[in-house]
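Before any questions on how it binds or moves, here is one chain, the form predicted alone, in structure tokens.
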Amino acid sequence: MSSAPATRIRDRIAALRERFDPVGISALLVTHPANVFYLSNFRGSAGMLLVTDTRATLVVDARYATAAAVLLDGPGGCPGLDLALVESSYEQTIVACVGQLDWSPGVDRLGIEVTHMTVAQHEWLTQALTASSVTLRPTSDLVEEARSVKDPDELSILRDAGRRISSVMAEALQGLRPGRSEREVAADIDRTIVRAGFDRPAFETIVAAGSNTALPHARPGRRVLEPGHLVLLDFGGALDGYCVDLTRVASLGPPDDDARAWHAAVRSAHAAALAVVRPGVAAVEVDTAARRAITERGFGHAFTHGTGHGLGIEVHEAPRIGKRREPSDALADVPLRVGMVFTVEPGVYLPSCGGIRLEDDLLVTETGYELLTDVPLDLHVV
């Protein structure tokens, strides 16, 4: 399992520090596991990172003490990071670390990730820091915004992952047969994902047959695949900590006219979305193009989710490729930038009847986009 080079970690932390003054903080407590990993290479179910203008301290408990020490000081590690071990609680250790810092006048505003901290944690830290000159300042998406543009090391992993998941999909489509349950097919896919070299499935694999294809996030169950069924496969893999995501639909036997019409509408939306992808275009415009294409074919009411989502350390991250939720929706108006990676996945869903979704992963390039996944978009007939 590879890790980002130490020089890359130092660059990421340096770039984060440059954002301190504009948002009015002098340090940042990073609590979201994906952000901790991005800034330190540390992977664990618990862990925090305290970043100041001059120091970065990784805080872990005894379960991760050995792994963290090797990570920071071993070959290819990040010797510029300090390590603090939790003795009682993470919050008390953070307060102790803050107390050990040389807090000069003006260096007293500790940023917190408000979307990744509980009310209880916030109240405890506020009370514990009452006697000091340190105050907590809310921040949002400081690390996530940097993560939305992938560096060369990340892109190398994502390209490799895209090739691997495409091979898994090709194998899964070929293996579909009547008489098997959704759950059995999903189990086979999960084993193939690991066999293809992934760390794990990126999320719970979706296998939906017949009318279940009308459920965007259907869970595989006991339903048996039958002749005439549509079968929707949506799965992904995490490779070296980075996620990819892919969806295709098969027909067990010749598809009927409804299925062909649904598929044609979704495929036109997929093409329309890709056609507008280029640097500088607002994320919402990708969604608008897909939604317009589906609406023109009479299925606008059946497209019930956003056109895509960012990919990276998390299977859902920035940028969000969706409708404007309110007139001043800043996330919708985020301009696409070279290095962004996201899905394009329009779909139509007719309750109790069925549905179609087609999903690919792409990278924004100087001239447009590069597809990271490569599986024919045709309605695969078994």
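None of these values were measured; they are calculated from a predicted model. From 1 onward, residues are counted along the sequence shown.
Another form exists, predicted together with a further copy of the same chain; not displayed. Remarks below refer to it.
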Under a 4.5 Å heavy atom criterion, is R63 part of the interface with a further copy of the same chain in the predicted bound form? yes
Going by a heavy atom distance of 4.5 Å, is R337 a contact of a further copy of the same chain in the predicted bound form? no
Please tell me whether any heavy atom belonging to A187 falls inside 4.5 Å of a heavy atom of a further copy of the same chain, as the geometry stands in the predicted bound form. yes
Under a 4.5 Å heavy atom criterion, is A120 part of the interface with a further copy of the same chain in the predicted bound form? yes
So, a 4.5 angstroms cut-off on heavy atom distances: do all three of R183, G197 and E326 pass it with respect to a further copy of the same chain in the predicted bound form? yes
Partner contact check in the predicted bound form: of 88-96, 151-159, 271-279, 245-253, the stretch with a heavy atom within 4.5 Å of a further copy of the same chain is 88-96
Name the single residue among E204, E296, E145, D73 that comes within 4.5 Å of a further copy of the same chain in the predicted bound form, judging by heavy atoms. E204
Listed residue that, although a further copy of the same chain is not shown, lies within 4.5 Å of it in the predicted bound form (heavy atoms), from T304, Q174, Q100, S133: T304
If you apply a 4.5 angstroms heavy atom cut-off, which residues in 333-358 are near a further copy of the same chain in the predicted bound form? P351
